[in-house]
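Below sits a lone chain in structure tokens, taken as the form predicted on its own.
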């Protein structure tokens, strides 16, 4: 057997499993999103569904008297304006390539454009919970990704030494990554407990009043973000350690001759050489955290008052609690478009030359 038929024989089992469990469910989900599909009704009578075209998308994402404004959602659109300005500035100063700058600018324009739609006078969204849920998810991602990236980079820089103590600490910091979401949320529910939690005990020792983290609208999202940052540090730290160990020691020795050490060496040598690693970590974290579910579901049940309701949990409730499988599939396709956009950006950046 020549190489080509042998390769197909070896690939065939993988391709069959991939098509059966990933490709077919994906297109099946798109097809369901084009139907009025009640989960229970169709389970007992397969003919109970009806083709409605894009009506599910309209019901979920649009409404009556919807208007666009440049600052309808200051947080989301403000981040978009900053993204566009940053893309232009970084490209003009030569810190990023044109492709990366275009990718950042496109994301910025998407945030400005999509975030600018809001109900005008007498108008309303057909699904009043969808866009606030998307906003909660974007807020969660915008807080978690910088937190994970900065914490992991600082930890990696501090632990990048060949000693036994550093090896033990690297293992300890990575251990949180192997825990299941159930264990992580249980640990942090105890930590945030206003009666017997560690944080409450420290607050009382200092003379303060314990915060009800998980039931207070002002702190519930922060509690989920803190738990997620602690849980997600491991992989990001390992990626940064790999990037740090790829930097030649000759650069630091040459810089030391010019009295460039410590923080100056970190700024002028470490950060520029970690640029691709930082980009990789940021994009991977964005894709990962748009799929947040367990922390919101187990720690706060989406509350209080939907302040921690995230997109995947809303899709789950719509599909399996309300039995609106067509509408849930439309929201899942929307989530796929967001994550697919970041995957394309990661692919483009990964192909760039150094």
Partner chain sequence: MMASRGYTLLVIALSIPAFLWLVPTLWMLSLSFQPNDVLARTTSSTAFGLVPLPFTAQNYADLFAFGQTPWWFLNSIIVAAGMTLGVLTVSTTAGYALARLEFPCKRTITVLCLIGLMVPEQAVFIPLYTMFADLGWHNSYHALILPRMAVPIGVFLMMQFFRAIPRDIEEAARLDGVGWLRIFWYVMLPLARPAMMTLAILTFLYAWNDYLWPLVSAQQREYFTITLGLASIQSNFAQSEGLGRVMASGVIASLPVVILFLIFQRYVVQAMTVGGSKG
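Numbering follows the first chain given and starts at 1. Between two forms, the rigid core is the largest collection of C-alphas that superpose within 1.5 Å. Being a predicted model, the structure only gives us computed values, none of them experimental.
Omitted from view is the form predicted in complex with its partner chain, to which the following refers.
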Contact at 71, 109 and 206 by its partner chain in the model of the complex, all three, heavy atom at most 4.5 Å: no
Among the candidates 255, 118, 169, 247, the residue which, in the model of the complex, approaches its partner chain to within 4.5 Å (heavy atoms): 169
The unique member of 62, 54, 320, 51 whose heavy atoms fall within 4.5 Å of its partner chain in the model of the complex: 320
Residue stretch of 71-79, 156-164, 269-277, 134-142 approaching its partner chain in the model of the complex, non-hydrogen atom distance within 4.5 Å: 156-164
Partner contact for residue 34 in the model of the complex: its partner chain, 4.5 angstroms, heavy atom: no
Distance check, residue 189 to its partner chain in the model of the complex, heavy atom within 4.5 Å: yes
Partner contact for residue 126 in the model of the complex: its partner chain, 4.5 angstroms, heavy atom: no
4.5 angstroms heavy atom contact with its partner chain in the model of the complex for residue 302: no
Any residue of 298-327 that, in the model of the complex, places a heavy atom within 4.5 Å of its partner chain: 298, 312, 315, 316, 320, 325
Did residue 337 shift 2 Å or more between the shown form and the other one, C-alpha, core superposed: no
Per-residue C-alpha change between the shown form and the other one, residue 93, threshold 2 Å, rigid core fit: no
Core-superposed comparison between the shown form and the other one, residue 259 Cα displacement 2 Å or beyond: no
